[in-house]
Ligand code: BDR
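Let's start with one chain on its own, the form predicted alone, as structure tokens.
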């Protein structure tokens, strides 16, 4: 059996991040070395509380959790999206956590965790990239200790969700996104295009809430919250798709494309612009561009099954769905 992949997760928990954490912690394919928190879906204090609450609720091992940046590099930040509920995690009424965060800033925690690891570590970035940008600016040589960054953010061909052009994580801190995505480190970007492809039906979410495992029950509760909020008969697994791509990259189709993060103050601020032209010879590109691997589509049935199986609730799925 292959040894588990050592990973660090950077989150702004958030119901979608909670689903991703549930999958990462349940999967035998990953060795979760730590979780860092950043402001985004919620204020930083709530992000930390939600992360610790989730770990307690599933009786997770003592994974270190570190609090990081509480605002973007330049801007004051965006308002917390209402879609995540008043507590940011679907208002499930989980008990307050007993565990606490480590007494290190997330950036310093990341530096130490990477420097102390016997091998390069994969970073799974599910939030605004402020923590990661500060890490790379303060400790530029630490990039040698990063195997690859998997980043949930941006759009490829899909429209934005926070503005017509921009996805939330990138638009929340465009400067941080530019620092990280233009760093030259190996990046796999999981944008809104595949993010929108992997769904659980309302009936499946209800079955998950009746499952034996706490992780499956919480996942079902979060999915039902999103069904109610949007008035839909399905919920996305969201950021968990990024984790699924780390676990099972064969389930994702990707393209290597030049990427530019737009930092202007206009309507396109925070947009991820990809050069998707067939012929580029002789035509200039303005601004800074970096080649990244961008996931364009995923095998939704495969990732649905991967998640439900990891949570011990494969029977909750309608296996006739594609």
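Keep in mind the model is a prediction, meaning the values are calculated, not measured. Residue numbers count along the first chain shown, from 1.
Another form exists, predicted together with beta-D-ribofuranose (BDR); not displayed. Remarks below refer to it.
Asks: Please determine whether residue 150 contacts beta-D-ribofuranose (BDR) in the predicted bound form, using a 4.5 Å cut-off between heavy atoms.
Replies: No, residue 150 stays farther than 4.5 Å from beta-D-ribofuranose (BDR) in the predicted bound form.
Asks: Counting only non-hydrogen atoms and a 4.5 angstroms cut-off, does residue 131 reach beta-D-ribofuranose (BDR) in the predicted bound form?
Replies: Looking in the predicted bound form, residue contacts with beta-D-ribofuranose (BDR) do not include residue 131, since no heavy atom lies within 4.5 Å.
Asks: In the predicted bound form, does residue 272 come within 4.5 Å of beta-D-ribofuranose (BDR), counting heavy atoms only?
Replies: Residue 272: no, not in contact with beta-D-ribofuranose (BDR) in the predicted bound form.
Asks: Residue-level question: is residue 201 within 4.5 Å of beta-D-ribofuranose (BDR) in the predicted bound form, judged on heavy atoms?
Replies: No, residue 201 sits far enough from beta-D-ribofuranose (BDR) in the predicted bound form that none of its heavy atoms falls within 4.5 Å.
Asks: Within 4.5 Å, heavy atoms only, one stretch in 100-108, 203-211, 190-198, 115-123 touches beta-D-ribofuranose (BDR) in the predicted bound form. Which?
Replies: Stretch 190-198 is the one.
Asks: At 4.5 Å, heavy atom to heavy atom, what parts of 154-176 sit next to beta-D-ribofuranose (BDR) in the predicted bound form? List them in sequence order, or say none.
Replies: Those in contact are 161, 167, 168, 169.
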